[in-house]
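First, one chain by itself in structure tokens, the form predicted alone.
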């Protein structure tokens, strides 16, 4: 009996894949128009909410709105009102797809460039090929049914375009979508994955930019791992992944002695200092040999790297301290009512130079960092000089005002005395 069931299952799966080797003509209509479809009409009247839900979701489904009927996936005959005919297995009808059959079923349309051109010429047609190279696709090929397939991320019914904010693959929602599996520590432990990647990412500067600033360009899971061809970046490719956004940092890192050293040690570049998922906003205080400072993880006290780190930290510290002091002085003068436009320009010059100094850290070149911090200190000195001149002006004006008030007060006293003398 078991052998018969297994044989029937295999035959049904093969029949389903064969049925979707090319888009069935009865499954599609003119783009933008609905094909004749008895499936929605019948299922929308069913009392079982589980069977009624797909019909209710049809109105918002991107396929249905483009004229692709239920038979586009399930096949059968959507033009017949007779359930026996509409859901006839001889017409290729498949009620429920096996996990393994789903990518091939979706790919029967999405891998056909000529067919997809009828609907959207900008949709890539290599998703299935990419999926087969992914960790998910490779595991599915071995028979692992726990891995994600198309419907795991996009849904099965009521599928929305990725640009729709309600879509589970919209930038602000994709983290939760990946978290359905990758946030499950018990499931992830089977694959040697910690399962805390989602919670760590939510601590990151990237997630803060995504949800707080609504910056849709902020990296999410698919930005680093890919979408359909999802893979963890290899040690040698981490800097390439980060460098797609942080181009200036990557260029300077490539000029540093760290590039060859990290490659020789088979250590990831950016990740070694910044981590991977819980990427926090970088701080100058990270530079050094003390506890919680990143340089000490590779260097020893007294070696060339430790000496360079100390000098870089010192240069940045002096520039940062001077910036705080000068900014406070300029702001104090502004509150006193003085125009400080020229000083503000100098402060901006100092800020830009300080950003460049922080950028040059990736070269590990003491000279390049110190050159930028000297520019910072020069601009701050100019701003401080302007603030000092304004303070002198304020004191002069206040002294003049005090003298004027004193003269006015004396004149009023003399006037009062004169009036009293005249009255007498």
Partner chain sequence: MPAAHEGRVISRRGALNWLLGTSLGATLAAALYPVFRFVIPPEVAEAPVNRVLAGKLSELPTNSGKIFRFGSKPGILIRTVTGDVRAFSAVCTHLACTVQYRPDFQHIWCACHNGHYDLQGKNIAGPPPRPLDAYKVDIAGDEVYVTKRT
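Numbering follows the first chain given and starts at 1. Keep in mind it's a predicted model, so treat the numbers as computed, not measured.
If you look for the form predicted in complex with the partner chain, you will not find it shown, but the lines that follow are about it.
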- Query: Pick from 245 to 253, 197 to 205, 134 to 142, 263 to 271: which stretch has non-hydrogen atoms within 4.5 Å of the partner chain in the model of the complex?
  - Reply: 245 to 253
- Message: On the criterion of a non-hydrogen atom at 4.5 angstroms or closer, are 356, 359 and 407 all touching the partner chain in the model of the complex?
- Response: yes
- Is residue 160 close enough to touch the partner chain in the model of the complex, meaning at least one heavy atom pair within 4.5 Å? no
- Should residue 276 be counted as a contact of the partner chain in the model of the complex, where contact means heavy atoms within 4.5 Å? no
- Query: Contact between residue 352 and the partner chain in the model of the complex at 4.5 Å, heavy atoms?
  - Reply: yes
- Message: Please determine whether residue 164 contacts the partner chain in the model of the complex, using a 4.5 Å cut-off between heavy atoms.
- Response: no
- Position in contact with the partner chain when the complex is considered in the model of the complex, options 193, 345, 310, 327, heavy atoms within 4.5 Å: 345
- Residues of 391 to 424 having any heavy atom within 4.5 Å of the partner chain in the model of the complex, listed in sequence order: 404, 407, 408, 410, 411, 414, 415, 417, 418, 421, 424
